[in-house]
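One chain follows as structure tokens, the form predicted alone.
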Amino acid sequence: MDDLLVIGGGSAGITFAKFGASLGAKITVIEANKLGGDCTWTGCVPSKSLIHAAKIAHTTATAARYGISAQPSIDFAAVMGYVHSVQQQIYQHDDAPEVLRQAGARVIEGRARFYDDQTVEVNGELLRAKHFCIATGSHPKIPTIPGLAEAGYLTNEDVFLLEALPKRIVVLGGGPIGCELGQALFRLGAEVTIIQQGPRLLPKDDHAMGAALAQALKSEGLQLYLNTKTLKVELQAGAKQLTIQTANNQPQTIVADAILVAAGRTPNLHNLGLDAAGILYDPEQRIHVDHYLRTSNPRVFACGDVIGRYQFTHVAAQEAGLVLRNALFPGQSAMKYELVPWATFTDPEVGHVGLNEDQARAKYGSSLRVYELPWSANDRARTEDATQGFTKILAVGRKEQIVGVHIIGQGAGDMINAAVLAMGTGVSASKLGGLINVYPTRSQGLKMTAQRSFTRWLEKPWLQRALRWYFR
């Protein structure tokens, strides 16, 4: 009997297979489609590869300002060929069945469902295990818009299969997926319009980040509509005609050759036999788990997108590690989400960890200190003509405890990891500002922002009077 049977071969499933087996546990991973999941095939890997190619095209097209004359000739099919080659490299090295089997796990290709509270059925075979984990991921949420299904649309599940670039693309959704892919496709030659129903882009990030990103995208040439509803979609002369209602309640028409839906994610809960296993869940939302990621069935855990918390590859992998600990060893450890970082890989990038400013003000009130530094103050950013952006540090109390860091700028996704380390180890804003950093680097901007805490202290009237007396 297996120690752990996992339904789903994405980020979490691969973590179970590799690390669980390395501990000597008997692990089985069942995958209905292709190992690697959303990250390898429809998410992180193809999107970042496409973004990289698009950035090269953009850099080439704008090189004249550096005294270099060049105009890119974009072969979109070749670009997608590059994207697919990266997917295959990562799949063959990290995700393929033979890789997991070599690590010591059993891999079954098929669709699994619970037969009862302690049995799973796959390919007509009944399997039992000491523990189970559901890690089936999520799929794109499709908004209810009259005519959308009939007109046809793309999602992240099929946009990377395009062989030709549509001339006019409307993106429904201003979250990370919509902004990343919208900018990338624009840089590769499409006319792109992003329609966001809410008041700002990246609604889960600090409010200042969405506003700054919107300004950057508009200055590049993308069309943005905020506070806008899509009322209906119609096919007209081979094109897709969208009727939208803007913030001033005036209907307007946009014509597109393709619609990319990026309006959120829905957990994959259907046809899993959850009722037969006695597992509580909310349809279209999440499986219920406790702090230990255990479901209402004590034999069954769940992690990743299906529990509806943080839908990130790195969080799913972390949750998988916790499930391994709780399923295989005595005692229980709770999952902690206080320091979950994320990044949006637009240009400029956006990095986030901890509380945003609105949350911090609601929690800490007048004890909150906000320190900001524009990237125009960073010499490395100046040398690279990348001054678009700023860094924000949120700190509280006399000890200047850091409760949130938000960065928009080139390389923010890498820089935010230093903030995670600082917050996780209890480094205060003043301590962070006193560290020695390499010059000139973009990450030095984090230190320079933290130094604002010293500047604030230096500006106190009593200290100013004391300094004037001392240097009289």
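The first residue of the sequence shown is number 1, and the count goes up from there. Because the structure is predicted, anything quoted here is derived from the model rather than measured.
Although it is not shown, the form predicted together with a small molecule is what the next lines describe.
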Touches the small molecule in the model of the complex: Gly9 (any heavy atom, 4.5 Å): yes
Arg265 within 4.5 Å of the small molecule in the model of the complex, heavy atoms: yes
Should Asn417 be counted as a contact of the small molecule in the model of the complex, where contact means heavy atoms within 4.5 Å? no
Contact flag, Gln311 vs the small molecule in the model of the complex, heavy atom cut 4.5 Å: yes
Option from 106 to 114, 206 to 214, 387 to 395, 284 to 292 whose residues, in the model of the complex, bring a heavy atom within 4.5 Å of the small molecule: 106 to 114
Proximity to the small molecule in the model of the complex, single hit among Gln444, Ser430, Asn33, Thr59 (heavy atom within 4.5 Å): Asn33
If the cut-off is 4.5 angstroms on heavy atoms, which of these, Ile259, Ala190, Leu272, Leu324, is the one near the small molecule in the model of the complex? Leu272
